[in-house]
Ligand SMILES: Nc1nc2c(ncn2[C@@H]2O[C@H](COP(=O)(O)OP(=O)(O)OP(=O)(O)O)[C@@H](O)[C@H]2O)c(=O)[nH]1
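The chain below stands alone and is given as structure tokens, in the form predicted on its own.
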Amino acid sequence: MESFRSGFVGLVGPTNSGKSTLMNALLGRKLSIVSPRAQTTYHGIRGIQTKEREQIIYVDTPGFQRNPDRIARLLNKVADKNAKDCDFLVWVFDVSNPKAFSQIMQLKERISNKPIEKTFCILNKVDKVAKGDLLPLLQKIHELGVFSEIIPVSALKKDGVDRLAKLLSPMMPEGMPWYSPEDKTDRSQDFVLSEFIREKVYTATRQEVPYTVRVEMENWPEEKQPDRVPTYHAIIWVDSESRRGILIGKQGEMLKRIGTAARQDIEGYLGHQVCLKLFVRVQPHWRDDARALNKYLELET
């Protein structure tokens, strides 16, 4: 009888390279939030894919960055923490970024020092570049000798994603599944829903507003009642009254727009209609509170 295989695949790389989009494409469903902004992913998120004789746990991580601010340094720690125990690492780079090769060189030592037998290089967003520009880059990366495989993909269009999945599948270590077949993520439902709301804040607002936000589910239905649409309450925390005003908007229009967009994702995830109520509250300078920040980023020891 064929043995069961299960393992962890870490998705790592610079910020804004498309790691979350790639994980969603590999899973065939939306789990990780995405936005055009850098520094969208704040936590390690595991997406679980179980088939008849295998289970692959994809681990999405914050993007590595050289930004000297404290949040960036802490997010690098979050990424390292979540990649540490993975069986394989998939390094994701945005090939449409003119600095893609420089990013690889900046991370070369980190890539080489990971005690993992096989590492993959995903050149994402190939739909945005000409083949003539891609081939010289492929050659330069190959000559570095730090990757087991180099795979061009477009995670957004799901082009090349199947090739990565087929390469990973037979490499999973033999062993029992880590999660039950019904599990889709290791995260609680309230975490996933709060992330969908945070994504819509990033999409709807500009400048520094998104980076001052965290979202908490305040309460949610304990039991689904067939004759009633369940109501979910969420608090969007910001660090100042002025940003609270921006999020609410004139006559509440901004908050309504965020809520409508988030509700659509939540209903898609849960598979049923919901009522979503959002509240904006202020916790001054919460990002400057080391204890609060470490707790939020799950770096507490």
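Keep in mind that this is a model prediction, so the values were computed, not measured. The numbering used is simple: start at 1 and walk along the sequence shown.
The same protein has a further form, the form predicted together with the named molecule, not shown here; the description that follows concerns it.
Proximity of residue 38 to the named molecule in the predicted bound form: non-hydrogen atoms within 4.5 Å are present. Taking non-hydrogen atoms only, residue 47 never approaches the named molecule to within 4.5 angstroms in the predicted bound form. The closest non-hydrogen atom of residue 162 lies beyond 4.5 Å of the named molecule in the predicted bound form. Mapping the unseen interface onto this chain, residue 214 falls outside it, with no heavy atom inside 4.5 Å of the named molecule in the predicted bound form. Stretch 28 to 36 is the contacting one of 28 to 36, 249 to 257, 267 to 275, 233 to 241, since its residues have non-hydrogen atoms within 4.5 Å of the named molecule in the predicted bound form. The partner is absent here, but in the predicted bound form a heavy atom of 128, alone among 142, 110, 128, 118, sits within 4.5 Å of the named molecule. The partner is absent here, but in the predicted bound form a heavy atom of 156, alone among 71, 150, 167, 156, sits within 4.5 Å of the named molecule. Shown without its partner, the chain has 14, 15, 16, 17, 18, 19, 20, 21, 33 in segment 12 to 33 as residues with a non-hydrogen atom within 4.5 angstroms of the named molecule in the predicted bound form.
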